[in-house]
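Taking the form predicted alone, here's one chain by itself in structure tokens.
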């Protein structure tokens, strides 16, 4: 990665762990955290946010959430607003994850509104993009990434509070990982898309994470690529040893 951009290692716990288990995991991460200049974020389920925030207080690990609603408030039973999430102490929120797109039909317009709500509430957004296996095999993956970015990002977005995560859908939970060169190619393309939409300066500053089955044994090779600025970690973030092992390469 470029020395001008601060590395980010973010853990997405998805729908895993109980509150006590999550609290203990955070304590273990903090106790075993390697010396690093990287920004570390953990994103537990909504039910854990407040309890985890008390553990992370005064540590170097930041709190993130996995989702927010696109509206500020209203009759949306079961949903949680960005303001509510921010009040737990969360500094970041994941938006546009492929699982939200697949299972809940989230559109580019939905994702853009969530980013705006998160930023208006004082949080940064981790915006996910990525292609499916048939799109990769058909050779249209860069077109897919371009479309996903163009559908979401516009001049209302504060790029200083935005992280982009490339998550090849075909690698999530499958154990398959894009090669370092494959990841770097897409990350470079994302940077070019941001330059077109915003400016070259912003594109050089925005951080782009790899989100496809990063583990301690492949983290170093991925993180040394020029345009890979960190990782959005799934399964490996549920184990303190694995998560800290990835951080040690940051």
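Keep in mind it's a predicted model, so treat the numbers as computed, not measured. Residue numbers count along the first chain shown, from 1.
The form predicted in complex with 1,3-dihydroxyacetonephosphate exists for this protein as well; it is not shown, and the discussion that follows is about that form.
A.B. asks: With the cut-off set at 4.5 Å between non-hydrogen atoms, does residue 148 touch 1,3-dihydroxyacetonephosphate in the predicted complex?
C.D. replies: Heavy-atom contact with 1,3-dihydroxyacetonephosphate at 4.5 Å: absent for residue 148.
A.B. asks: With the cut-off set at 4.5 Å between non-hydrogen atoms, does residue 173 touch 1,3-dihydroxyacetonephosphate in the predicted complex?
C.D. replies: Yes, residue 173 is a contact residue.
A.B. asks: Using a 4.5 Å heavy atom cut-off, state whether residue 234 contacts 1,3-dihydroxyacetonephosphate in the predicted complex.
C.D. replies: It does: once 1,3-dihydroxyacetonephosphate is placed as it appears in the predicted complex, residue 234 has a heavy atom within 4.5 Å of it.
A.B. asks: Give a yes or no for residue 213: in the predicted complex, does one of its heavy atoms lie within 4.5 Å of a heavy atom belonging to 1,3-dihydroxyacetonephosphate?
C.D. replies: Residue 213 belongs to the contact set for 1,3-dihydroxyacetonephosphate.
A.B. asks: Using a 4.5 Å heavy atom cut-off, indicate which stretch of 148-156, 113-121, 164-172, 69-77 touches 1,3-dihydroxyacetonephosphate in the predicted complex.
C.D. replies: Result of the contact check: 164-172.
A.B. asks: Using a 4.5 Å cut-off on heavy atoms, what residues in 10-42 are near 1,3-dihydroxyacetonephosphate in the predicted complex?
C.D. replies: Read in sequence order, the residues that approach 1,3-dihydroxyacetonephosphate (within 4.5 Å, in the predicted complex) are 12, 14.
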